[in-house]
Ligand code: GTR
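Below you will find one chain, with nothing else, as structure tokens; this is the form predicted on its own, and questions on how it binds or moves follow later.
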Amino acid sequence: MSRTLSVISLIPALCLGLSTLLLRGQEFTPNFDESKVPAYTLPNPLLCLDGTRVSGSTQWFEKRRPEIMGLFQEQVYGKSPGKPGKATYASLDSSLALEGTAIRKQVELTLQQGGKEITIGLLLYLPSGRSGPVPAFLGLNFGGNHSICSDPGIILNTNWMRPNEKNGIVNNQATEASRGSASSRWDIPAILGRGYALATAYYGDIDPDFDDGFRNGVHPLFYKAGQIKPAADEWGSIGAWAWGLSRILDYLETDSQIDARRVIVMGHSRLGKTALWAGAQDERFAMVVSNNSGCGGATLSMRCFGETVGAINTSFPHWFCANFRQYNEHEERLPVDQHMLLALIAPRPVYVASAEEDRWADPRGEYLSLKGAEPVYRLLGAEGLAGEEMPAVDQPLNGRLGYHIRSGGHAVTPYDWKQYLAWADLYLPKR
């Protein structure tokens, strides 16, 4: 299928890697016209592979859910390993910060397997003056822990980073100019003010975000003898980042200041895809938040609106397992779609957020994915979406299945955090 990329459609997508398609000689025109969405039939999340219909929670958890999980593992994200052979935690810092409103903790997580290791630098801000363990939002960041806040006490990350001179990344390295460069995405005062902790780590500590054939990052720790890259049904980078979120949760379970049973995993864009996959696999996460996660995240692949499976696999061939590439330009052949990913989280609360100008991520497809997960939530005794129609811009649906489409573009804003915090207050399980 030939798709020609117009200059107008290219401009907002450059930061998402669409230019890579042109550099490789591919032609791609994203569809932004609802009338051109192809006819499609979504797989039924409550219809087993042998044709039997799921009639109760036992059948869901013992039969259908494992089937769906297996399909996502084999065909989309790849299978991930379990815990590493050894994990050690070293406290580097515990200080009063942010004008006394927070306790800042910095911890090194060293994960060892097969004679190799990686180190993840974890930053935590806890609300000061609180007694007892507190719930937490956990999310990976794009630019190093130091990028989320101008706090000079945060350790400057020295690992490889995607180039961004505007944000202080020069020659793939962070500089002091990158400190606080992503602070607009992390409403730390609001999070702390509501009694939540924030835990974050640089996603590149787990696996650098470029296609090098999986020679660096966490993947080589788990290679079998003679193996040089993951098998076709083994984890790509999204699987690795999701695995890293679970390893951070392992640490949080040891921290007496965190209520590890009440951790909300959150992510934006590719890290929104990651948060959803982490929450689907690891039922210890109490709630899941997806912010503008788009293709391979919350939106329905079969709509072929905005970014497509072929586009994402061409721009970012390292994100998913190799088997996913067989669905390039053939989304209709997928045995699953993303409503089934959301269904894997049931009955735990999940919030999906879109942005009006972020058509590349297909806001309607993200909403319809939640609608498609509703039958599983209802089967398990949980309510569905709070409305029958996609809401107007800036009119959130605040239910166990939460949703909003915000004015503006591809970002995380204080408006988004306002909704997530109000939603968490309502639906986070009580101690």
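Heads up: residue numbers just count along the shown sequence, starting at 1. Note that the structure is a prediction, hence the values are computed from the model and not measured.
If you look for the form predicted in complex with beta-D-galactopyranuronic acid (GTR), you will not find it shown, but the lines that follow are about it.
Chemist: Give a yes/no on whether Trp319 approaches beta-D-galactopyranuronic acid (GTR) to within 4.5 Å in the model of the complex, heavy atoms considered.
Modeler: Although beta-D-galactopyranuronic acid (GTR) is absent here, Trp319 would touch it in the model of the complex, with heavy atoms inside 4.5 Å.
Chemist: If we define contact as a non-hydrogen atom of the residue within 4.5 angstroms of the partner, is Leu198 a contact of beta-D-galactopyranuronic acid (GTR) in the model of the complex?
Modeler: Flag for Leu198 set to no.
Chemist: Even though beta-D-galactopyranuronic acid (GTR) is not shown here, does Ser269 get within 4.5 Å of it in the model of the complex, heavy atoms only?
Modeler: It does: once beta-D-galactopyranuronic acid (GTR) is placed as it appears in the model of the complex, Ser269 has a heavy atom within 4.5 Å of it.
Chemist: Although the partner isn't part of this model, could you tell me whether Trp360 comes within 4.5 Å of beta-D-galactopyranuronic acid (GTR) in the model of the complex, counting any heavy atom of the residue?
Modeler: Trp360: contacts beta-D-galactopyranuronic acid (GTR) in the model of the complex.
Chemist: Would you mind picking the one in Asp337, Glu234, Glu307, Asp205 that has a heavy atom within 4.5 Å of beta-D-galactopyranuronic acid (GTR) in the model of the complex?
Modeler: Among Asp337, Glu234, Glu307, Asp205, a heavy atom within 4.5 Å of beta-D-galactopyranuronic acid (GTR) in the model of the complex occurs only for Glu307.
Chemist: Of these, Ala136, Val288, Ala102, Ile312, which has a heavy atom no more than 4.5 Å from beta-D-galactopyranuronic acid (GTR) in the model of the complex?
Modeler: That would be Ile312.
Chemist: With beta-D-galactopyranuronic acid (GTR) left out here, work out from 346-354, 146-154, 89-97, 269-277 which stretch has heavy atoms within 4.5 Å of it in the model of the complex.
Modeler: Checking each option against the 4.5 Å cut-off leaves 269-277.
Chemist: If we check beta-D-galactopyranuronic acid (GTR) in the model of the complex, which of the residues in 387-420 reach within 4.5 angstroms of it by a non-hydrogen atom?
Modeler: Stretch hits: a single one, His410.
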